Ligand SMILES: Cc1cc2nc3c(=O)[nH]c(=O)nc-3n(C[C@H](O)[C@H](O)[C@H](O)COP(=O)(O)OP(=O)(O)OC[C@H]3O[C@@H](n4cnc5c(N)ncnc54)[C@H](O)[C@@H]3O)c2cc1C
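The chain below stands alone, shown as structure tokens; this is the form predicted on its own.
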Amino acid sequence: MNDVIIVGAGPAGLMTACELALAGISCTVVDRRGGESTVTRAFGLHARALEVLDARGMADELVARGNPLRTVYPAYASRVDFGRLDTRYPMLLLVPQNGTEKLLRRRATDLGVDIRHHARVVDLTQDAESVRLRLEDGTELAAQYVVGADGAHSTVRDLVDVGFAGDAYSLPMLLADVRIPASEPPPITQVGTEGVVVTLPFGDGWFRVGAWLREERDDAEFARIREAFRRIAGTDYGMSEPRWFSRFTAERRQARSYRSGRVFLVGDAAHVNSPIGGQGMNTGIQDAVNLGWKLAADLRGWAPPWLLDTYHAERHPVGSAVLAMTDHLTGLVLSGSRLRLEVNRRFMAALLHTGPGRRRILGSLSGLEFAYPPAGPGAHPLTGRRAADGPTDRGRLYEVLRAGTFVLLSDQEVPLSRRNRVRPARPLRATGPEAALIRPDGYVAWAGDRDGIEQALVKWCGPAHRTDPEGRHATA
């Protein structure tokens, strides 16, 4: 029996598999598709998703492959300057979804993850000890936990019946990847009375173009996108060679619960939102990193009893906030009201000229400002917030996190009995509290005086010599 079965080999599913395998957990990924995806529907990675990928040593390779945009000019704001973010990745990185999947698949394979294709789940049952899946070909698989990462039309979500509340947008969106022979890339977003057109440069001569039109028509050919650009932007920029085309209806929906017993949902199986803002793949990857270490801690026998419940408690509010933000932006660009759009652009411009406004807007778009509720009263203000990267005596903090363990930032040593769960690192810029315990996903679990370190370690990492059910030390 597997420790974990992950249903779906998209970015969220593969990231979950990587997290579990890094922690020594046996996991199998089953996917209904026949092989590696050529899908490029998701196109961008924001700063926080890049930071968590950096915490596993994968971000820089993606940046080298993609097109980092430090300043963008979307329809809803005159200018958004990601370059002002205080992070190693002050950008919106344009990279096709299949490029991100390819990197995650390679990492999962290197870590020993079994990925099975042509494996369609048709039934799921669970009890207090395990979950059983039945595949379309009659094969049965069992695991201690199952993670549903099988997209917006998730079979796993339907089988555990947690609902998927929300609506579909009334008008379909047309997307294509094309070549544009332009020395200067066209504006990212252009709005007209008929709708909105989008142009996103991948940096290699290829562009993602899209048209979200206020008039429903039956034709869904590439010519329809070119016509939309000519009507709204005044030109189709000479786009040609469409290598991918899609017509889809965007939705705004969220599962009522991200957990049902021994089954968890990540990525689009848990939430879907408008593509405006480029949030979907980012939110799914962060779901996976939040859940992975918690499942591993439970399976290794040292997780506190409340830990698995924090997955829903932490990620569901984030999903709701992202859905609300993208729905608001979508309403603006599809309203057909130039006055409303111009008022919003001026309002955002005014906010972006203030420190608090800049932190709020850039922090929400990039994901850097999303925080989790502290686990207990009287917590330090940093608790639950993203840990900023910085130099330590063992390298950058996010390099130290690459082992997938907690990191204790302090000049105090960690007992040998805890070293495989907690790595010590001494900050080289002492500007915060005396000590901070950083979770494997890069968020602050605890911060305070040195006197509170042992209590924090016991609370988050369990007693020092606990042994898991297989007889292995939980520190291993």
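Just so it is clear, the structure is predicted and the values come from calculations on it, not from any experiment. Counting begins at 1, following the sequence as shown.
Heads up, the form predicted together with the ligand isn't pictured, but that's what we're talking about next.
- Between the options 374, 90, 278, 99, the residue in contact with the ligand in the predicted complex by a heavy atom within 4.5 angstroms is 278.
- For the residues 360, 247, 120, 230, the 4.5 Å heavy atom test against the ligand in the predicted complex is passed only by 120.
- Remark: residue 33 counts among the residues lining the ligand in the predicted complex, judged by a heavy atom distance of 4.5 Å or less.
- In the predicted complex, the ligand stays beyond 4.5 Å of every heavy atom belonging to residue 442.
- In the predicted complex, residue 291 stays away from the ligand, with no heavy atom inside 4.5 Å.
- The shortest heavy atom separation between residue 175 and the ligand in the predicted complex is within 4.5 Å.
- The partner is not drawn, yet in the predicted complex one stretch among 303-311, 270-278, 318-326, 345-353 has residues with heavy atoms inside 4.5 Å of the ligand: 270-278.
- Contacts with the ligand in the predicted complex, taken as any heavy atom within 4.5 Å, map within 5-29 to 7, 8, 9, 10, 11, 12, 13.
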